[in-house]
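First comes one chain, alone, set out as structure tokens in the form predicted on its own.
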Amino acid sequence: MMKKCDVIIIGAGVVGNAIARELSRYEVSIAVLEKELDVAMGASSRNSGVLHSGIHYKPGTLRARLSVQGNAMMKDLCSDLKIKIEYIGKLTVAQDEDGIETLHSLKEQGEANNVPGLEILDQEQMQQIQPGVGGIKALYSPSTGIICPYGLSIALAENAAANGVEFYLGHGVTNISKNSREFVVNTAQGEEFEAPVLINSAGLFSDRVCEMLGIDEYRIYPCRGEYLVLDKRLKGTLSTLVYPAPRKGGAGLGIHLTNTVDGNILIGPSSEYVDEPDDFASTSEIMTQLKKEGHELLPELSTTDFIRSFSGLRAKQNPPEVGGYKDFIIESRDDFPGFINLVGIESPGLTSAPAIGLMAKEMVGRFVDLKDKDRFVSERPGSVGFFHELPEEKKADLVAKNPDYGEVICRCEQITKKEILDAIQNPLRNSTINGIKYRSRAMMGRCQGGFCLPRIVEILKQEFGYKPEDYLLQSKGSPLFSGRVR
């Protein structure tokens, strides 16, 4: 069956969703095709959740311009989308004279990129911001912030859907062709989509989308970064982000401690090139390394503070023998009019996402008439945060109106039955276990689902009629159960 629309977006990560939301302001029909059963299942949910200031990027590059612009846009965007955001600043720390030289270079570069408030601090000034921090000097960037990366990605998608964007989850693209005026996209579901504008926002798979059109000039080299998640016992230990001064030619910014908006601390990421763009393994060797470096950065750590590991992948354009970074590729192709191509959107892709949405919108406007929508809804319903974070009076009112708010399903994170039901009945109609997890934070606490997962399974069975074969962790190939034992 052929589905006609004005714009097709391939990929529902944070960038694809930001583009979809920006375009949903206009009277255009938009289809987002995503191979996974939910949005933000790749790099967009597997990163540090840092809003970068823009000090690390060469002046005049897209990475520099879009990160500074995206950072400035994020506060208002998160207010509309009901997403937590904290501008807690960052110390980039030098341990030796070479590191101090790097700090001065970063400061000059950041100022050329219009990053506000940069200062080089001595040891005494560093201690005032973060007691106990090591190093001899640091560059302080106050506009660095933190955000929940999957929360932002989901919110962008759900708001886009509320404004008419159609999301086709589980629709991996298998073929693309171009007739005289339009692109024809075939999916693994056997469906066909046709539109005059095609946007490649496939992240780690963006080079494969290019190949479907015969464009062979790009290649993505997946680079894995592994993390450890620390228990909330350590909440408040860090008042700011602490990064080492970067080493020349590195594939990342080095292993560091990162606060999250939900109270955990992350250690990582490592940096290791891998062969496949979906190799999200956590390895014992890297976990041992992260624990060792974590103890050096935070001596009060105990073995019981490590509650989980995970990994993410960077979409590198440089092979391992070269290392370092290339600039983002964001282009409107002359050889395929209407094809807007995004390749190599690694860090700071999360920070840059809203600015990339604006840039892509301008490109789309060359091919499709963008007439303002009369009833664009910029805000999501609800409040920022979770039920347990609300004032006591507000909690009591909600419980009185709906007793499901009074039943706690996840003890570690204090998530209620009502929040679980809302996560199951989300606007994108995803009901995988990870989809529920990312929307509610259930299963993210110290016991990692040991208490709440059986209760969520029971809710899905009793209230939604789930059979054993209906429970999927994340994808069609990840069943939670094979059947009943009795």
Partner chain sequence: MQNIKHDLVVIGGGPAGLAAAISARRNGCRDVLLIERAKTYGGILNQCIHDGFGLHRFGETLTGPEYAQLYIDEFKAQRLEAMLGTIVLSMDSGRNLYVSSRNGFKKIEAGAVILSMGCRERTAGAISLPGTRPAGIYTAGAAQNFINLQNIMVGKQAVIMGSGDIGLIMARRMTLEGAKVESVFEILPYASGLPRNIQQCLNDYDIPLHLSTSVINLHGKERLTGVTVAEVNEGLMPVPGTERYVPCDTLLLSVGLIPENELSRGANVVMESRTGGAQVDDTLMTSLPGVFSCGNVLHVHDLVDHVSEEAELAGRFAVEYLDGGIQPRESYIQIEPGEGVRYVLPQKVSGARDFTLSLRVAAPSRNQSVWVKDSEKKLARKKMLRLHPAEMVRIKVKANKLGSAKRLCVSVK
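Since we're looking at a predicted model, the values are computed, not measured. Residue numbers count along the first chain shown, from 1.
Unshown form predicted together with the partner chain; subsequent notes refer to it.
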Considering the partner chain in the model of the complex, which of K292, R411, K235, K82 comes within 4.5 Å of it through any heavy atom? R411
What is the one choice in F306, Y140, Y168, F367 with a heavy atom within 4.5 Å of the partner chain in the model of the complex? F306
Can you tell me which of 282-290, 213-221, 343-351, 187-195 lies within 4.5 Å of the partner chain in the model of the complex, counting heavy atoms only? 282-290
Contact flag, E27 vs the partner chain in the model of the complex, heavy atom cut 4.5 Å: no
K58 near the partner chain in the model of the complex, any heavy atom under 4.5 Å? no
Partner proximity in the model of the complex: D404 to the partner chain, non-hydrogen atom cutoff 4.5 Å: yes
Contact flag, R439 vs the partner chain in the model of the complex, heavy atom cut 4.5 Å: no
Output the sequence-ordered list of residues from 382-401 with at least one heavy atom within 4.5 Å of the partner chain in the model of the complex. E392, E393, K395, A396, V399
